[in-house]
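Single chain ahead, written as structure tokens, the form predicted on its own.
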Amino acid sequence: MFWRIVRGEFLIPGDRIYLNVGTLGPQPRVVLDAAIETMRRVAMTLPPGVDWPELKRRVGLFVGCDPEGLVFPRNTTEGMSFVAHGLELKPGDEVLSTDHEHVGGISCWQLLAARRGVRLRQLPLPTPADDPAEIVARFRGALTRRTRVISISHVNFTTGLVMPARDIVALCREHGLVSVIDGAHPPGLLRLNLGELDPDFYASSPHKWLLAPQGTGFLYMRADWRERLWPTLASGGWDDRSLGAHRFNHLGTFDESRLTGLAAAIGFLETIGMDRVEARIRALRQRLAERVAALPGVRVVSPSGPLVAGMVSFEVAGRDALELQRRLAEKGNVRTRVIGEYDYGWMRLSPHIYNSPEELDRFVQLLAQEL
């Protein structure tokens, strides 16, 4: 009954099986109402009135960080580009990453490679990955005297693998490297404590699992970078180091309704309780993984247990994932994601608290009919 009430807070049609929050989260009514009210104030020529200290405090408490290190770009892509273009990297300097990075987290480094001669190396990860120590060892073994940055995803968009981010940040600290984390997925999916993780930079997209409005992002920067990083977008106060990270919030006119919605989204999940939200997502993901894996011809490429969060990625022998996606959408009004990047060709499912076990079982039945 409780989760049925939660589902009622969303505008998702009753016959819709939405399994793609990993791309874009549907906003609950309270988030829509908050954003619309801010838009209404603008239409009435009233100040939208974002309270920056309060917004930073709310977000800082939710993700466990110093609020003075928060910047609010539109998404992870923008935050990652702020970092890449703000660092003083020279030709020949090396960035280490993986072959499971989203375009929003890797393209900024590809651009530096093409424009400035920075060397980008994408280390291959095992699929499925079952040993965090092996992943850390791969990075340690790949270090050279030219390595300057390690840039990874906290949770990989390809399979839901939870990377050993804390150990990789520690490796960076040990060797004097810059740690940059693409954290598009964890807020609203996992209980997050950036203070314990302690990266140099952490970029995220709360419009996914946190269910904030589309175009809502944040970037956290460690204290020692707030005066050193060069701004990518320059507006008033860009060179006022006394502003710290807040000078990166000087972006000209922008849609403040998304920030009002962000605060409301945090309140929505806090009302339910993040421990409860995380447990529900884990239970739904596990149910999907077990039932999908039991189907003939299916190979699940996501890891298992605590090494995975929120997502189930799989391939079907002899079937094109895009065609399978089209069939499921036509027959069952299902929305999924195909991981076509890197020529992987996997289907990815990402359930959230608005999904029910019965919906997931219905999806598995639809999938079974296509095999």
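Here the structure is a predicted model, which is why all the values come from computation and not from measurement. Each residue number is its position in the shown sequence, starting from 1.
What follows is about the form predicted in complex with a small molecule, which we do not show.
Trainee: Just to confirm the contact call: exactly one of 284-292, 237-245, 101-109, 264-272 touches the small molecule in the model of the complex at a 4.5 Å heavy atom cutoff, so which is it?
Mentor: Partner-contacting stretch among the options: 101-109.
Trainee: Given that the partner is absent here, does Met221 sit within 4.5 Å of the small molecule in the model of the complex, heavy atoms only?
Mentor: Contact check for Met221: no, nothing within 4.5 Å of the small molecule in the model of the complex.
Trainee: In the model of the complex, is there a heavy atom of the small molecule that lies within 4.5 Å of any heavy atom of Ala184, even though the partner is absent here?
Mentor: Yes.
Trainee: Please tell me whether any heavy atom belonging to Thr127 falls inside 4.5 Å of a heavy atom of the small molecule, as the geometry stands in the model of the complex.
Mentor: Answer no; every heavy atom of Thr127 is more than 4.5 Å from the small molecule in the model of the complex.
Trainee: May I ask you to check whether Ser179 falls inside a 4.5 Å heavy atom distance of the small molecule in the model of the complex?
Mentor: Contact check for Ser179: no, nothing within 4.5 Å of the small molecule in the model of the complex.
Trainee: Give a yes or no on whether every one of Asn75, Ser153 and His207 sits within 4.5 angstroms of the small molecule in the model of the complex by heavy atom.
Mentor: Spot residues vs the small molecule: full contact, yes.
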